[in-house]
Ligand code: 6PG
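Let's start with one chain on its own, the form predicted on its own, as C-alpha cells.
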C-alpha cells in the first residue's frame, strides 16, 4: 500500500507549482534549523521549473538564506550542460542564476561524460559532501521528484528492476524507449532522504497515478512505487486532474 498520509491535492498546475515552492521553503527552514544548511536534489520537468521560477522571485526568494543551500540533482540526461535537454541547464536558468548561487554550492551530474564513469563520480561526490545515515548512505534534506505518464520517477523507468545496482547510489541505466543512457539516483539514495516530494499534474498522469495508488505493488511496472523513505517523510503533491481516479485509502 502506498503511503498517503502526506497526499496533497491542489486545484491546478499553477497551484501545484506554488505548493511545491512553499514545501521546498518549509523543508529548507527545518534543515537549516537542524544542521545549518539545506541539501536538496533538484528535479527536471515543467512543475519543478515553474516552482523554481517562484522561488527565485520576490517574495519567496527572500524567505530563507540561500547561501545555506547546496544544490544537487536527482537525475540527468546524458548531454552537455548547455544542451536544452539538460536538467542542470533548466535549473541554472530558472533558479540558480536568478538566486546568484555560488558555483561551489552546485553539484551537477556530468551528463557529457561516459555514463558509468559519470555515475560513479557523482556517487563519490555524494559520499564526500553529504551527511550519511547509519548504513553509510548519503542523506539529502529533500529529494524532489516527478512522475511520468508511465510511472517512472527520476530516471528509473519501467521494464527493469529499479533495485538493480542499488548499492551504487547513482547509476546509468540504458533507457530503451529513448535509445540512450540516463544518470539517476538509486532508490537506496532516494529513500535515505529526510524528505521526498513527488509532484505530478495533468491528464497524462491520471491513469498512472490511479494505478500507483490503487493497484498492486509492482515497481518494475511503476518504478515510482519504490520510493519509500526509510526514516523520512514522503509527500505526494498532485493536482485534481491527476488525482481524479485515485480511490480513498
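Only a predicted model underlies this, so the values are computations on that prediction, with no experimental measurement involved. Numbering follows the first chain given and starts at 1.
Just so it is clear, the following notes concern the form predicted in complex with ligand 6PG, a form of the same protein that is not shown.
- Although the partner is absent from this view, residue 46 contacts ligand 6PG in the predicted bound form, with a non-hydrogen atom inside 4.5 angstroms.
- Residue 158 falls outside the set of residues with a heavy atom inside 4.5 Å of ligand 6PG in the predicted bound form.
- Put simply, residue 75 is close to ligand 6PG in the predicted bound form: some heavy atom of it is within 4.5 Å.
- Contact between residue 173 and ligand 6PG in the predicted bound form is not found at the 4.5 Å heavy atom cutoff.
- Of the candidates 81, 115, 98, 148, 148 is the one whose heavy atoms come within 4.5 Å of ligand 6PG in the predicted bound form; the others do not.
- Picking from 135-143, 120-128, 98-106, 149-157 the stretch near ligand 6PG in the predicted bound form, with a 4.5 Å limit on heavy atoms, gives 149-157.
- Using a 4.5 Å cut-off on any heavy atom, the one residue of 85-100 that reaches ligand 6PG in the predicted bound form is 87.
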